[in-house]
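Next comes just one chain, in structure tokens: the form predicted on its own.
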Amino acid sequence: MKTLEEVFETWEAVIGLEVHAELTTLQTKMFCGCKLEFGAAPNTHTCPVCLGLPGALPVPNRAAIESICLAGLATNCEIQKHSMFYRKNYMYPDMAKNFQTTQGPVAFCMHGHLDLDVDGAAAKERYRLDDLKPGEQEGNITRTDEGYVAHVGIERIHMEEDAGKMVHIGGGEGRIAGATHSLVDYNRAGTPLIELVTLPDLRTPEEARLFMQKLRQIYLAIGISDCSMEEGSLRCDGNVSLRKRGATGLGTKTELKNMNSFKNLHDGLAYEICRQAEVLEEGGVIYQETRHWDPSAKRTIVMRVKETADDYRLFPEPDLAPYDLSDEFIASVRAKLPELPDQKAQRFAQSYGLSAYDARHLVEHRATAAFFEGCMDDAAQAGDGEKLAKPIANLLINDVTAYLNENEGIQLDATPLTPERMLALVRAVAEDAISNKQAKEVLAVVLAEDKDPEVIIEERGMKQVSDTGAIEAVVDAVLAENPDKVEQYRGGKTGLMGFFVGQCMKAMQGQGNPKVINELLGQKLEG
């Protein structure tokens, strides 16, 4: 099978996403008063409405409608004043009433978009990106210095109810294949669920991953869901087809169902793109079908032939009246919008002199953004916030993030690192008490041993010597001991500067200020 890069030389991938988010911050289900609670004992939060018993009538959850409108406003959607619910009919044990209540052609939220900043390694998947100069556009992307911005259209965000949960006993990895029997838990049935459907504007697996990550940041910021992919409250279906480069028509698509991590979404799409290319190049046919990504086997597996809208026999829900949202209602929802991640990143860049890249990565996680703001608030009182913003951002984006990734499950606010300790650490560097390299060592000890930076620096004798007189004596001694290398340096072998600095640091047991050492060496070697 060809690599993704090889496939993209001939084929263009067309990707669209369907992102499902449970409104987990609500108290009750969409059409009844049953409690929303993940992990409760099976079938303890059910009633005649969510079980579809005869004569039970649904009553819509107003808070859920506010939540979906918040999601729409946060993703640049038009809020539709007039919409209605439909019955989507299917026979499967996870929905006791044998139909799902969902929205029809017109959803609460229509015609939105998000702009993705794609840079670094993620940008390399885009075909021949280097052919564009910064500012140039091609299709839905605009080239930037670091990568590109992709404009991704959102067709709709509609409201529906989630199904129950099937538990397959005896099968491999909890799947129905090979199971001896299956159980069903209806606690989840009727949970308010919003589904965002993108236009087919995505072209690489990385773009799909970044879209999903950005959407999760937005949903967390507006507080409508816990967005736990592990618990299933945020999940994604990926639709992908291929077409020859230069073609405008669409190929037959396959759907990858229920991607439950960013990595699985990327890897599943990447595999499916390569698989489809192989089938097409061998003269085969791509069938419209639903497939499952198996992360252990690293391949997709056919689940079923894809249903069409006609198969579901959609018709208007007779037990729910059409919706007419007033201007006042929409304005009240808009007033609840908090600062969104893009707005926060822009504020960080403007207020603290950070690069757009640094600001964007600081807001990837709410805890990191809140920690950075805590540092800046404390630093503002001392009047040195702007000077310290960049080193704080560097430590958070690189070292702290690496620590959290290595210690999966630990949250930043649960570590021994506090804004006060971070400020003490970067101030020690700014005052030349320690070097940048030493700062990384001190940070590691703070996280491991729960000690203040000042204590660690003192205990380990790390404080740098910045006294010019003391350092000059060491520099003179090193140069006197190495006259041959001094001549070589002055003869043009300037790479020896590192040798001289190393000798000086060795003589001072690592406590000499490298900046002062470099300055004095430069003066004496050039003199």
Partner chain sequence: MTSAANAAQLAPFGQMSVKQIQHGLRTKEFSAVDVARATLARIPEADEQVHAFLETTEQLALDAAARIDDAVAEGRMNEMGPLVGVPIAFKDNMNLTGTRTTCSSKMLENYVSPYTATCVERTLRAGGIPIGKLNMDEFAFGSSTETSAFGPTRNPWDLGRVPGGSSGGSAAAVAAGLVPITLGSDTGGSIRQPASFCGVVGIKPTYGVVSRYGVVAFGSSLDQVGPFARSVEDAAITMNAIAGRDELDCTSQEVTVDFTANLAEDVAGMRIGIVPAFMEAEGLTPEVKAKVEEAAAKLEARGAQLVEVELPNAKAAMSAYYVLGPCEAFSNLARFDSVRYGYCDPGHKDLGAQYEASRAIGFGDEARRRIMLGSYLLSAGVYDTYYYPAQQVRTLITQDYLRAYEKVDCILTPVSPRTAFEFGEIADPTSMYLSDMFTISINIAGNGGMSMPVGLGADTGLPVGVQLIAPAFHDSNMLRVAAALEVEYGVAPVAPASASGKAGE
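Residue numbers count along the first chain shown, from 1. Every value quoted in this text rests on a predicted model; they were computed, and no experiment measured them. For the two forms, the rigid core is made up of the largest set of C-alpha atoms that agree within 1.5 Å on superposition.
Not on display, but discussed next: the form predicted together with its partner chain.
Visitor: Do Phe99 and its partner chain come within 4.5 Å of each other in the predicted complex, heavy atoms counted?
Guide: Answer yes; at least one heavy atom of Phe99 falls within 4.5 Å of its partner chain in the predicted complex.
Visitor: Wondering, does Lys437 line up within 4.5 Å of its partner chain in the predicted complex on heavy atoms?
Guide: Contact with its partner chain, no.
Visitor: Give a yes or no for Gly120: in the predicted complex, does one of its heavy atoms lie within 4.5 Å of a heavy atom belonging to its partner chain?
Guide: So Gly120 does not count as contacting its partner chain.
Visitor: Taking its partner chain as it sits in the predicted complex, is Glu289 in contact with it (heavy atom to heavy atom, 4.5 Å or less)?
Guide: Output for Glu289 is no: heavy atoms all beyond 4.5 Å of its partner chain.
Visitor: Sort through Ala477, Met497, Ala56, Ala63 and report the residue having a heavy atom within 4.5 Å of its partner chain in the predicted complex.
Guide: The option sitting close enough to the partner is Ala56.
Visitor: State the residue from Glu78, Asp450, Asp115, Asp319 whose non-hydrogen atoms include one within 4.5 Å of its partner chain in the predicted complex.
Guide: In short, Asp319.
Visitor: Please determine, with the chain shown alone, which of 377 to 385, 331 to 339, 133 to 141, 82 to 90 has non-hydrogen atoms within 4.5 Å of its partner chain in the predicted complex.
Guide: Of the options given, it is 82 to 90.
Visitor: Check, residue by residue, if Leu51, Tyr186 and Phe315 all come within 4.5 Å of its partner chain in the predicted complex, counting heavy atoms only.
Guide: Yes: Leu51, Tyr186 and Phe315 each sit within 4.5 Å of its partner chain in the predicted complex.
Visitor: Would you say whether Thr180 is displaced between this form and the one not shown, judging by a C-alpha shift of 2 Å or more on the superposed rigid core?
Guide: Shift of 2 Å or more: yes.
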